[in-house]
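In structure tokens, the next block holds one chain alone, the form predicted on its own.
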């Protein structure tokens, strides 16, 4: 029996609290579904940086490549200037581990928590595949005449055929293997970003020829956000670039019930992938045992699915759905009707 190696980065703020609940669920799932694992914890985050001025040690990337998966709590510390931890930890891990896919399921478990009128679970059930290593997030650009009235800031969206093609291939494969409707939408802005999204669109329809069983369509990003609110049921799987994916997935989180339920994966299909709740470190709730851990628990479900423990992954998601539908008063921190640890216990008790 294989023993999975899982790297754990609890991180900042409420990250350690929600990670604790995710690991509690993992322990129960491993016992029920008969697989073994070991975890090694790393203290990467704000507190380490404030003490040592080191964001990531030189050995970190090499060590993390030896794991089957990475489980992340949250990164972001109020005493650290914005950008230092995010670029030095999150973006560095994504780039250096070649986690070129950001996978964001958007699924509503209970219509009570949806802000959209007359929309239910059957209407909000889609997935966003976001390119995770190129575009504006490459950090390419410059200032000209900085500090003067003639200052110019240039930010470059760097897109390669290879990077786009592998992302689109992943999106088609994911749609074919995991979705019943088998409909894939390219989200872009071809009428304005006439270089980057000309390349995206041409690549999309060329790759589509290899997947005749998958229906395809294109939407502008502004129309996509409108339809998320008006007709979310139109979408099955969406593929898009780094910046647009970052934006539309936050809107997706809101219509599925909020950040407390939204999980994501940074995927390297042939290497080590990293899974996390997307809500951030929420420092004002640190240590109060009131934060919603369900996003972190859903991230654990995604992690298990990625490493091949499919029954355990599905059982966790089913239990989360049951807890949301039958036990919780709200999904917001402090309003659930249960503490952080009690919600974790409810999920454990609901595992089939």
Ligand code: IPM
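Residue numbers count along the first chain shown, from 1. Source: prediction; values computed, not measured.
The next section is about a form of this same protein that is not shown, the form predicted together with the ligand.
Colleague: Suppose contact means a heavy atom within 4.5 Å; in the predicted bound form, does that hold for all of 94, 130 and 276 with the ligand?
Modeller: Checked in the predicted bound form: all three residues contact the ligand.
Colleague: Any chance residue 90 has a heavy atom within 4.5 Å of the ligand in the predicted bound form?
Modeller: Residue 90: yes, in contact with the ligand in the predicted bound form.
Colleague: So in the predicted bound form, does any heavy atom of residue 86 sit within 4.5 Å of the ligand?
Modeller: Yes, residue 86 is a contact residue.
Colleague: With the cut-off set at 4.5 Å between non-hydrogen atoms, does residue 228 touch the ligand in the predicted bound form?
Modeller: Because no heavy atom of residue 228 falls inside 4.5 Å of the ligand in the predicted bound form, the answer is no.
Colleague: Residue 246 versus the ligand, in the predicted bound form: is there a non-hydrogen atom within 4.5 Å?
Modeller: Yes, contact at 4.5 Å.
Colleague: Within 4.5 Å of the ligand in the predicted bound form, counting heavy atoms only, one of 112-120, 149-157, 186-194, 130-138 shows up; tell me which.
Modeller: Flagged stretch: 130-138.
Colleague: Between 98-115 and the ligand in the predicted bound form, list the residues on our side with a heavy atom within 4.5 Å.
Modeller: Sequence-ordered list has one entry, 104.
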